[in-house]
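Only one chain is shown below, in structure tokens, and it's the form predicted alone.
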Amino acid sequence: MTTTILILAALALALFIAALRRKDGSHTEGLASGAKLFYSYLPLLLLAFLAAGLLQVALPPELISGWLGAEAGWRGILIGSFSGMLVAAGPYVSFPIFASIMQGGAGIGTVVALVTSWSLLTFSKLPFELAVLGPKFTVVRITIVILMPPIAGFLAHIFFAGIL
């Protein structure tokens, strides 16, 4: 995480210097725009991290490990595959919750299936996809990717179960 923070800080500094060199006030406009964006997302981020933290203590570890842990096998992978479709939130909300589930004892296969399903099959994107790309495209896409979450979860379980 420290490396990511350093990279983002260097990127922000480089962009600030580039905007400052334009000498048109765009650097202050950029800072104001960033601050406005930060405050608009702050409640969402705060609630997502609170939910992630509370999820770790609200659910008994034996419940998570029993249903979602490595020993759950296919049951956990299938639950993760289905659950990912139901998560209707962006990455700033979803990933803290996914991390909380993983830290709570879920197996790598379950979490990989969950994240893969969320990425490929979330129901929240379907209305937009249907409206913009059409039902034929949506059916083709879903037909092709619907087995990816359990396959990815299974492969992660087989190859990486002892790592995390």
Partner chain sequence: MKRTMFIMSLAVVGLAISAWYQGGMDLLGTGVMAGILMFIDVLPMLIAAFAVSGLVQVLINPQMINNFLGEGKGLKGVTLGAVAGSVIPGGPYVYYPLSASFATAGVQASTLMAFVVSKSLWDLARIPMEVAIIGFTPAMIRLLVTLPFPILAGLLVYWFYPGLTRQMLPVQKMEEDKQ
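Computed from a predicted model, the values in this text were never measured in an experiment. Residue numbers count along the first chain shown, from 1. For clarity, a rigid core is taken as the largest C-alpha set superposing within 1.5 Å between two forms.
Below, we refer to the form predicted in complex with its partner chain, which is not included among the displayed structures.
Colleague: Contact between residue 30 and its partner chain in the predicted complex at 4.5 Å, heavy atoms?
Modeller: Output for residue 30 is yes: heavy atoms within 4.5 Å of its partner chain.
Colleague: Hey, in the predicted complex, is residue 106 touching its partner chain, heavy atoms inside 4.5 Å?
Modeller: Close contact is absent here: in the predicted complex, residue 106 is far from its partner chain, nothing within 4.5 Å, heavy atoms only.
Colleague: Hey, in the predicted complex, is residue 74 touching its partner chain, heavy atoms inside 4.5 Å?
Modeller: Although its partner chain is absent here, residue 74 would stay clear of it in the predicted complex, with no heavy atoms inside 4.5 Å.
Colleague: Is residue 92 close to its partner chain in the predicted complex, meaning a heavy atom pair under 4.5 Å apart or at it?
Modeller: Because a heavy atom of residue 92 falls inside 4.5 Å of its partner chain in the predicted complex, the answer is yes.
Colleague: Counting only heavy atoms, which residues in 130-155 are within 4.5 Å of its partner chain in the predicted complex?
Modeller: Read in sequence order, the residues that approach its partner chain (within 4.5 Å, in the predicted complex) are 130, 131, 132, 133, 134, 135, 136, 137, 140, 141, 143, 144, 145, 148, 151, 152, 155.
Colleague: If we fit on the core, is the Cα of residue 53 displaced 2 Å or more between the shown form and the other one?
Modeller: Yes, shifts by 2 Å or more.
Colleague: For residue 41, does the CA position differ by 2 Å or more between the shown form and the other one when the superposition is done on the rigid core?
Modeller: After core superposition, the C-alpha of residue 41 moves 2 Å or more between the shown form and the other one.
Colleague: Determine, after fitting the two forms on their core, whether residue 21 shows a C-alpha shift of 2 Å or more between the shown form and the other one.
Modeller: Yes, its C-alpha moves 2 Å or more.
Colleague: Taking the shown form as reference, are the C-alpha positions of residue 48 and residue 80 brought closer or pushed farther apart in the predicted complex, with a change of 3 Å or more?
Modeller: Result: farther.
Colleague: By 3 Å or more, the Cα spacing of residue 105 and residue 53 differs in the predicted complex; is it closer or farther than in this view?
Modeller: Farther is correct, given that in the predicted complex the C-alpha spacing of residue 105 to residue 53 is increased by at least 3 Å.
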